[in-house]
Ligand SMILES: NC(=O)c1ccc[n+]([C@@H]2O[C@H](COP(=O)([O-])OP(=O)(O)OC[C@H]3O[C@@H](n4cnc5c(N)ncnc54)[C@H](OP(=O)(O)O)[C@@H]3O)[C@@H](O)[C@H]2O)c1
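Shown here is one chain on its own, the form predicted alone, set out as structure tokens.
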């Protein structure tokens, strides 16, 4: 395992940083992508900066990782965000497209480039959102649509990856206690009350599922959307 390389996008904090720590504990060499804030410093890790919303950046990132670390065995498509947050009646076409570009187009382009170098047994793990199931809010419809598209893309890529031994799955987090949600903890109480387990999840909960899919436990799993949602 120590020779295998994993690229984790959006590794600066929250789920991405937790996934990086979980994979490091399993002995992976890590390529940690960030856009602004630096990712955690972990043994055997290298940092890569890229704005994945820019055309060509995703493919360039994969090529840079392979050039520097020599190979790629796992892609964790975690980078994403709600951009703009404008009410759906006022959202502009540019804002809608920006959400699709970061949350759907970039993961596809990363996976496309990764498929060129992933060996048999290689993995892609996409990180979706509970918004894909419930449609998001009036201010996050574009994000929700992109994440739903990512889940459909997972099934398509899994079908194409199977003949070459590349496994593609998706993890759908629910309401997770990250710095983003932490800012709205009080306002989130009615939302959290609807979760069957009656609490937010932890970034580590999602990270452990990612690590499971990346390890031997995921050897016969592909084309699946695995929910870490507290029962939702």
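Computed from a predicted structure; not experimentally measured. Positions refer to the first chain, counted from 1.
Below, we turn to the form predicted in complex with this ligand, even though it does not appear here.
- Residues of just one listed stretch (169-177, 189-197, 22-30, 66-74) have heavy atoms within 4.5 Å of this ligand in the predicted bound form: 169-177.
- Proximity of residue 124 to this ligand in the predicted bound form: non-hydrogen atoms within 4.5 Å are absent; the residue sits far from the partner.
- Of the heavy atoms in residue 15, some are within 4.5 Å of this ligand in the predicted bound form.
- Put simply, residue 102 is close to this ligand in the predicted bound form: some heavy atom of it is within 4.5 Å.
- Interface membership of residue 154, defined by any non-hydrogen atom within 4.5 Å of this ligand in the predicted bound form, is ruled out.
- Applying a 4.5 Å heavy atom cutoff to this ligand in the predicted bound form picks out 33, 34, 35, 36, 37, 50, 51, 52, 53 from 24-54, in order along the sequence.
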